[in-house]
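Just so you know, structure 1 and structure 2 below are the same protein chain in two forms, each on its own as structure tokens.
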Structure 1
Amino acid sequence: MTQAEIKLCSLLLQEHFGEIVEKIGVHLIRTGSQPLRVIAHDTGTSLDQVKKALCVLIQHNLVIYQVHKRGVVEYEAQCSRVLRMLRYPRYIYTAKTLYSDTGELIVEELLLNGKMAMSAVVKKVADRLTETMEDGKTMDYAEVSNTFVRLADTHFVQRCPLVPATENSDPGPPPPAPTLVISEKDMYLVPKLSLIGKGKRRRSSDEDATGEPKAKRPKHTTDNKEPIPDDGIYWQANLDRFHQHFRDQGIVSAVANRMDQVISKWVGQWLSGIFTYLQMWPLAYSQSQHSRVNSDFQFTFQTQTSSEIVRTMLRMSEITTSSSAPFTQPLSSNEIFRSLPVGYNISKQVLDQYLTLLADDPLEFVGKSGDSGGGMYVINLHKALGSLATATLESVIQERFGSRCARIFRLVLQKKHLEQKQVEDFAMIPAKEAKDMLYKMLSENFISLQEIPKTPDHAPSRTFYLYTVNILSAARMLLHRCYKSVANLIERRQFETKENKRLLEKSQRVEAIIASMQATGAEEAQLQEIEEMITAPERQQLETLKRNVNKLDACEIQVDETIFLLESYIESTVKRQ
């Protein structure tokens, strides 16, 4: 754990769970696994608070525990899991795009609560959805649980490790901590529940007054000493599956950018060539025909065929390939043809041409693994991640040091090892400037230097100095900087909000007053009067603050996208070595 990561963890924990949990969490991250008493002693926190904090952290899967020999329970923080909290909005948004509002709320509830039983999730989500619906309409439990089942089928949610059934044969005192077991085959098995009912609307006007009857009603219907049907089976969001989805999206859009634009450009040129040729004979080829043919061709070729093919291949192997595998399972072109989305009418022949084209591409996103079944194709996930990470590095250099530095960087990347003189010559940049740029990148650790001495004394005059790009270490360095940037962004945001705390509170109060007055039906003039409690300069200040906070938040989200890319590249590379 680097300092930057710990700092970021600390900020995230503090924002999500408050200062006490942050203190305990950071202590665990710094020191590794620790027993309860030691944590309490070292952090100088009362035992009760430590216990509470640990409960929260375990509930959110941020801390795991293990029983050691003498019955001592040690707690260990999952640092990388803590950093994932930064990505929660993106997970929720993905669930929305895939499974609409219901999916969004299910994933949101699971992330907010760490783990939940399915029945609880379904109830909560149905209630929440009902509240947003028009009067008189309600959300059916069955509908929500259908979406839940679909999420489980596509592995976006999974079961938490279970507490094994009671071990009565075991004599002696019960163990100090339960041992949780994962049963691989049940991971995505949804318990059979007969959840019948509808979301309940919480009435805003009579919150406290009807507290009694409300409490009574559910007792009659569900809680009547009836055990919860899926008691003890907890579900959590499967973040790895989300990551797999992000990765696939990244690969598809990369293919779209690379191949489809090239192809459509090429087709476009070819078409315009034909048209100019045809237009020489105006009688044979009228203008109307021209536009029709043109649009037909454009339609066939510009609908991003190759990215659609890659998308189909990735979708087919979503569940069969583990998220950390370097390749997808081989797929025959016949299979791919059958799985293309309905209404996507390209012939088998065209598909084969596209696949050959993709397999021939120097980026090697798609590889050919055999000839059986009309040609077997795989997607080289490792290579794809590598290309995406390299592209990220290149663009960082371009934006930080300018396009000429990027040229040198690409050159060194392409030629693997270059001497200084060669860099100057190949890049076609004046020697002095080229040196300057090269050294700048060297000092920022984007480029590394390899010494190869001719004699054992390492005398500089008799040594080759080769410049090279170590993508892995450069990616690590960049990742570290990203963590640091996010931590800085969060701190800045907290500072901005703190500076304007009084103003924010005031505006909140005014808004609350206006809302309550509107509810009671106040006059327009009164409302305006209250609105004027915030003066014009204050309003301006609030707007500036809002703009700044929005920008900082957006930055956090987008830096996290880079973090995701670099992390998955590093993970896949380290695994292969």
Structure 2
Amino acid sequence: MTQAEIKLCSLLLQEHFGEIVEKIGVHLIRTGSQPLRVIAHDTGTSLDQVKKALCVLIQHNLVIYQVHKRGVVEYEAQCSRVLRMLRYPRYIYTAKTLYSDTGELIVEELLLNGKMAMSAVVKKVADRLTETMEDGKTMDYAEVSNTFVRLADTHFVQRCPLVPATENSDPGPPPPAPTLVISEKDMYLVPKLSLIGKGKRRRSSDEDATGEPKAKRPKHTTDNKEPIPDDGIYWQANLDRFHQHFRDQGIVSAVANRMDQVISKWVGQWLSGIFTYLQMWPLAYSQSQHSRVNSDFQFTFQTQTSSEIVRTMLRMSEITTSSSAPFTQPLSSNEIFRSLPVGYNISKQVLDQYLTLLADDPLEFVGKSGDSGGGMYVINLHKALGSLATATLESVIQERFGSRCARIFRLVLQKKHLEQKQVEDFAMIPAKEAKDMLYKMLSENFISLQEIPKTPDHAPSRTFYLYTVNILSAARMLLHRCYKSVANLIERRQFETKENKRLLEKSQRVEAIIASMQATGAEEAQLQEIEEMITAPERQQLETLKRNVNKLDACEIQVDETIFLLESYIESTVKRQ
């Protein structure tokens, strides 16, 4: 665990849960697993506050516990899970893209609360959607429930482990901590609930939903409270499934950039040459034939065909393939052809040509694993992540050191091992410049130097010095820098907000006054007078602050995309070693 990761975890915990939870969480990250009383003693926090902080962290899957042989319960922080909080906006946006506003709010509620029962999520989301609708319109519970079922069917949400029934029925003394288990077949099993109702709008504090004042409402005893239909069955967001979706989107985008643009350009030049040649013989090639041939070729070579084929293969394998698997499940050409989107008009012959083209590509995103069913094809997820990580490193080198350094980096990567003189000759760069560029990348740990001595004494005059690229170590170095960058961005955003805290509070008060006056039907002149409470310089300062904060937020999301790519590559490589 590096200091950059600990600092980023500290900032994320403080921003989401406050100082006490941040103090306990960072202490566990630094020290490892510890029992309750040791945590309270080392942090100087009261036992009650430590218990509440641990409850919050366990609720959000940021801390796990285990019982040792002596019966002592120890708590351990999950640093990788804490860092995923940085990706919450991306999870929510993905749910909105795939399942509209309803899916967005379901995932948002699960992320904000950690674990929730399905009935509670459905009612909360229905109420929130009803608040945004026009008067007289409401959101039905059944519609929200259907979206929840779709999220479970595609594994974006999953059930939390439960205490087994045998443990509850054991007559002996209870264990120090419960053991939670769940079978894989029950993880995405949605209980059959008959949720009937519609979302409710929030009323004022003095009235309930029927408009009846509090004083006139009859008091209900707690005995009449209806039992929750799915009591004890809790759900959480399946972050690994979201990561699998992000990985698939990155692979599809890479295939589109590499294959489809090249094919479109090549086909365009080829057709242009053919049509120019045929138009030289007007008697043998009429205008109607030109139009028909042109439309046929456009029909055959549609743009984005390669990426659409890869997207179809990934969509077919998204549930059957584990998120950590190096390959997708083998798919036959016939299965892929039947699963292409409706209205995507390409023939089986053209599909086979594209699959062959993808399988023969040097990057080897797609591989052929057999000949049955018209040919069996898989997507090599590990090599795809390796290619994406390499492209990221090349992009960083080009932005920091220039195109010549990027050329040297690609050359050393391709040739595996090169001496300095060989780098100068192959890259066609003067010796002095090549030496400076190599040493610059060597000092930044983008490339490494390997010594091969001719004699046991390692004398410099009798030693070969070869430059090489270790993608794994370079990716780890870049990942560490990304963690530091995100921590700096969060600190800068917090500084900007703190410096303008008084102005932000004033703006919020003015907006609240205007909203309440609009609700009571105030005149335009009165509203204008309230708006003038914020002067022109203050308004300009607010606009500048908003623009700066938006830029910092966008930078956080962009750096997190690089973090996700590097983390995925490192995890995939370590598992294969």
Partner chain sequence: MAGNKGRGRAAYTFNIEAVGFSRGEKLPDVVLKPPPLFPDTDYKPVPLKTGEGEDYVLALKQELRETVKRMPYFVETPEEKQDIERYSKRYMKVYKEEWIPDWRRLPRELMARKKCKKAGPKSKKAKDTGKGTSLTNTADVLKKIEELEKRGDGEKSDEENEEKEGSKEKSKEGDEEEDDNAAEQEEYDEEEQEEENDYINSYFEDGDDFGADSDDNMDEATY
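Residue indices: 1-based, along structure 1. In this text, rigid core is short for the largest set of C-alphas that superpose within 1.5 Å between two forms. Remember, predicted model here, so these are calculated numbers, not experimental data.
Asks: So which is it, 1 or 2, that shows the form predicted on its own?
Replies: Structure 2, not 1.
Asks: Note yes or no: does the Cα of H27 move by 2 Å or more between structures 1 and 2 after the core is superposed?
Replies: The answer is no, as the C-alpha of H27 shifts between structures 1 and 2 by less than 2 Å after core alignment.
Asks: Does superposing the core leave M533 with a CA shift of 2 Å or more between structures 1 and 2?
Replies: The answer is yes; the displacement is at least 2 Å.
Asks: Once the core is superposed between structures 1 and 2, does G521 show a C-alpha displacement of at least 2 Å?
Replies: Superposed on the core, G521 moves its C-alpha 2 Å or more between structures 1 and 2.
Asks: In Å, how large is the C-alpha displacement of V510 between structures 1 and 2 after the rigid core is aligned?
Replies: The alpha-carbon displacement, core-superposed, is 2.5 Å.
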